[in-house]
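Just the one chain here, laid out as structure tokens, in the form predicted alone.
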């Protein structure tokens, strides 16, 4: 059954945000697309609804309104905008909210292609987010390694999502939401500090996908069935 709590995707008009919104809307989740521009957010929501059907529970709002309307937040902005957005939204984020951070600190390489991750003083983008959110807000890191192109398509994803968090409730909720994506297995990746490894894997995958002209993800093998959601 779908979770009754709405999911606000902040910066949700980009490829990763719209892809997650599309996939969750298809399985019955209630989605709020957040954007700096409420009109743009609603346009993105309407586009997804046209793909899913009138039964889709999806709307668009300005980011701060989206935070006020939901306590499950997914951050899908480029790293250069992460700190600024979280500082702006701090008064709007409700205590007790869970923020799922999918930010990757990518550096542009030759030709503008992202080839490596930037150093983050806190250790990872997710740990930086943890320092910027209000007290009482918990953080999980996930969804870094899913192809935005595949998310916005129709095929099963055939990929594992590793989730890192220091909070058991944030971890379990994020594992559940990841497992709602068709073709995805969700795996507990341990503490939030491990998010830096997930972020680095993204740069590797981008290079592999450019080299081999694909949309590859990752699969973790060899665990007992109960390790996968």
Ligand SMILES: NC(=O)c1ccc[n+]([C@@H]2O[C@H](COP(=O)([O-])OP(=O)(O)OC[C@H]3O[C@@H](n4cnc5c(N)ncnc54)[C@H](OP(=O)(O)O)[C@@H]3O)[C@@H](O)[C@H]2O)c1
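The structure presented is a predicted model; accordingly, all values stated were derived computationally and were not measured. Numbering follows the first chain given and starts at 1.
One more form of this protein, predicted together with the named molecule, exists but is not displayed; see below.
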Inset, instruction - Check each of 123, 153, 134, 81 and return the one that places a heavy atom within 4.5 angstroms of the named molecule in the model of the complex. - result: 81
Inset, instruction - Answer with yes or no whether residue 14 is in contact with the named molecule in the model of the complex, where contact means some heavy atom within 4.5 Å. - result: yes
Legend entry - residue 102: touches the named molecule in the model of the complex, heavy atom cutoff 4.5 angstroms: yes
Legend entry - Touches the named molecule in the model of the complex: residue 72 (any heavy atom, 4.5 Å): no
Legend entry - Contact test in the model of the complex: residue 147 vs the named molecule, heavy atoms, 4.5 Å: yes
Inset, instruction - Among 126-134, 91-99, 154-162, 72-80, mark the stretch whose residues have heavy atoms within 4.5 Å of the named molecule in the model of the complex. - result: 72-80
Legend entry - Stretch 32-51 - residues with a heavy atom within 4.5 Å of the named molecule in the model of the complex: 35, 36, 40
